[in-house]
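To begin, one chain is listed below as structure tokens, in the form predicted alone.
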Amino acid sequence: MQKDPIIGIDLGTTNSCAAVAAEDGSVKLIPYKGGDYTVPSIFAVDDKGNELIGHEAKRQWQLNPRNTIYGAKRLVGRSYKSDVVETMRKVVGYAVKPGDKDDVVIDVAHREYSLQEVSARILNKIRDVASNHLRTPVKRAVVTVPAYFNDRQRQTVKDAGKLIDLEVVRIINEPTAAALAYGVGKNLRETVVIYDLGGGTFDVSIIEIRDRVFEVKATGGDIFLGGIDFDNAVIHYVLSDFAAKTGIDLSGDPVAMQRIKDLAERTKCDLSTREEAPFSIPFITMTAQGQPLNIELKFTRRLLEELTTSLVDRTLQIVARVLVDSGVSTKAVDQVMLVGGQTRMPVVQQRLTRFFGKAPSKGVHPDEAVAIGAALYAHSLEDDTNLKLQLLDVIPMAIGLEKAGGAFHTVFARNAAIPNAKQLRATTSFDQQTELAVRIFQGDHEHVAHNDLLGEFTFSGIRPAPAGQVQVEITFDVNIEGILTMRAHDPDTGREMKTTVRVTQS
């Protein structure tokens, strides 16, 4: 074992997992006490003010729903005003509030936590488990994110590492990590589709594997589509059925909602291996006269499939678009790999079999592949390794700037290869102008209002002159992690301009 190991971390919406590679390149998942390999991505504060993370937080969730944070990855890098945050506020038991930078903070036990702080605590738990297991301090990690995370969301994960002195050596995309878990050491020449339907996010990537070169041809996804939405379809059905029978709306009762949420997830999982399952919760509430009321339902696999057809349809629409983007036909696909717990649902596998004309491969473990791939990549970064891997990835959404009238000028197109750099020339628009402000957005819409604002960049130190006489050459640089940096200079004088970056949450 290396003196200072770099571990691989799959920081998931519902569960997180870590792995480490030995010197010979073999990978071991890092066990948590009790033999589990996954740690629930849950953070809570109990009534005594103790912070609980992982299994400890999950155990007290039913009794303390207001002070238990789950699914927080969906809020990372989001504007408080966004539709995503509005939807989350309706379904979670904890209080979601606006922060100072139009971002999101979470109120737990009368204290506000940023998303970086919540992510940092979960990362710290994983790091502590790994340090105890390896009997050596862990200071470095490769952390995975959804391929469809934008620049600001990636930066939030790096910032979370900084809060706990964990160096996030590299951020890589979850489907790419899963492809590494499948393909490293097999001397393959294959085109694979990674269909990654996890707890909170959906990603699909088309990856060409040429031995140790992993080239992403195209990627797409929806970071608001995952197992939580399948659970919510069940919850909505149960609430509607109960209201129709009793006239009582349980959605405002956090403890009742937590009990329904827990059973909804268990029932959904049971129906992957059974055709029907009871849905029974005794004493869920009382009538006005003080009579106890129960929930008594029977769920069938067919009913679950009917409730979630539109969710599976959405994943396949994204798969179809990514195939078009990549120029790869379904016949040219050698393997379809399933990643993420929600891919255990039989109808997902059936629909993919119909779509591609071949059954998905069981070549990777859906819950473990991402952490294993991250650990393999971490190992390949070591100086003395004989396992050098080359990742050729892409950006998931176009990056560009705002033009007059709110139009979006694309600098990097969707699925542009990274790392990548582009130069643009701008000029002053009024006499004696000494500053130039540029607003950068990421998204695929032709109007910036529908894309995510990454930040406002102000270049100062422009030499005063009549309008249009000073050229400013702006260099946009997207690194291998999909993170953007910018610099500018005056090509006539060669003078570098100072850049102020005000990253605003859009």
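The numbering used is simple: start at 1 and walk along the sequence shown. Everything numeric here is computed off the predicted structure, so don't read it as measured data. Definition used throughout: the rigid core is the maximal C-alpha set that superposes within 1.5 Å between two forms.
The protein also exists as the form predicted in complex with a small molecule; that form is not presented, and the subsequent description refers to it.
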| property | result |
| --- | --- |
| Which of 329 to 337, 220 to 228, 374 to 382, 141 to 149 sits within 4.5 Å of the small molecule in the predicted bound form, heavy atom basis | 220 to 228 |
| Every residue of Ile9, Gly54 and Arg127 near the small molecule in the predicted bound form, heavy atom within 4.5 Å | no |
| The single option of Thr176, Thr315, Gln342, Ser119 touching the small molecule in the predicted bound form, heavy atom within 4.5 Å | Gln342 |
| Partner-contacting position among Thr309, Thr285, Asn232, Ser272 - heavy atom within 4.5 Å of the small molecule in the predicted bound form | Ser272 |
| 4.5 Å heavy atom contact, Gly198 to the small molecule in the predicted bound form | yes |
| Lys261: touches the small molecule in the predicted bound form, heavy atom cutoff 4.5 angstroms | no |
| The small molecule contact at Glu435 in the predicted bound form, heavy atom, 4.5 Å | no |
| is_contact(Arg74, the small molecule) in the predicted bound form, heavy atom dist at most 4.5 Å | no |
| Thr156: Cα shift of 2 Å or greater between the shown form and the other one (core-aligned) | no |
| Flag for Asp229, CA shift 2 Å or larger between the shown form and the other one after aligning core | yes |
| Threshold 2 Å Cα movement between the shown form and the other one for Leu436, core superposed | no |
